[in-house]
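In the form predicted alone, a lone chain appears below as structure tokens.
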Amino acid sequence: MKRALITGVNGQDGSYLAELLLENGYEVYGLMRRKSVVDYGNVEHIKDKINFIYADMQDVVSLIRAMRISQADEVYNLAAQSFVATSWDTPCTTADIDAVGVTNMLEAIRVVKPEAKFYQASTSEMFGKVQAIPQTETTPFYPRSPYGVAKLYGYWITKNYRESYDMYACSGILFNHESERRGLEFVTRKITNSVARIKLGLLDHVELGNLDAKRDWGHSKDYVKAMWLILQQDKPEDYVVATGTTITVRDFAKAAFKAAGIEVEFEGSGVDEIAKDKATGKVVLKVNPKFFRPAEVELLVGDPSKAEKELGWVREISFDEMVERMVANDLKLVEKEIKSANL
């Protein structure tokens, strides 16, 4: 039985990855930070199948202890301060977790079990101000946020340990991937949750930032399969994981409203742009300048050819299906909220 250690196990990706590994017969260990109230997050439904270890990415001693306890054959580093907007407010903490934290985990592996395979969750935000379209494994990086910069350090230190210590250490450069388990602070889940509230009469409209930003969106469940495949290869290499298609925030919102049975039409442009419900004429979406980034990333679209060819990775959940799943899930959650409030 293989052993796997997942940092960030109770997040969106960590939960889907834990499910996948358990299905494949792994003994799964997950890192948790000590809190006054235990929060299993997205792994509440499988918490009895996971061996939890208290540790912190900023504390290398705790990570060494976690490696000694787990004796992991595979380590998936998904822990991060992953909200881009917050990285401008907490740049030092973001660097401590997303950059130095990766080094701490690599050191723990090197000291305890250097033959273990290591996966680093890298991000398309490292491309930032894109130097080529689409972005591949050889496209130069140009991060545009403290988050992107910190993640770029994590990417390079992973490559450095691979080349310096002959470790099986590699990165998956994952483009935007969402799901029903995505946190409410992320724009995609903010949209689907707000759409559900508008549909059920709890909200008048949703406020968003740059509607022209283009992203390459896939489903988390498909992307964690790529993570696992990356560590099943004979030699460690880095891979771009993406859909190869790009969609604006505007079109994501339009698809979310459609999934809830609301047809919208957009009017105006820039900060004056709005969306109206075609049936009622009510404004259901407004642009708010406060949600614009200090340095915008206008376009991200990846080329997954290498992953498809070498890993045999196949995307199974389409964009429309992903949005429909997210909206349906949020409608159920909001209906439950309403029912509880009326009891």
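Residue numbers here begin at 1 and follow the sequence given. Nothing here was measured: the structure is a model prediction, and the numbers come from that model.
There is another form of this protein, the form predicted together with a small molecule, and it is not shown here; the text below is about that form.
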Could you tell me which stretch in 192-200, 75-83, 130-138, 259-267 has residues with non-hydrogen atoms within 4.5 Å of the small molecule in the model of the complex? 75-83
Kindly indicate whether 222, 244 and 321 are, all three, within 4.5 angstroms of the small molecule in the model of the complex, using heavy atoms. no
Taking the small molecule as it sits in the model of the complex, is residue 291 near enough to touch it, meaning that at least one heavy atom pair lies within 4.5 angstroms? yes
So in the model of the complex, does any heavy atom of residue 174 sit within 4.5 Å of the small molecule? yes
Can you tell me if residue 186 lies within 4.5 angstroms of the small molecule in the model of the complex, counting non-hydrogen atoms only? yes
Does any heavy atom of residue 108 come within 4.5 Å of a heavy atom of the small molecule in the model of the complex? no
Just to be sure I understand the contacts: of 208, 149, 170, 157, which is the one whose heavy atoms reach within 4.5 angstroms of the small molecule in the model of the complex? 208
Quick one: from 277, 310, 59, 296, grab the residue that has a heavy atom within 4.5 Å of the small molecule in the model of the complex. 296
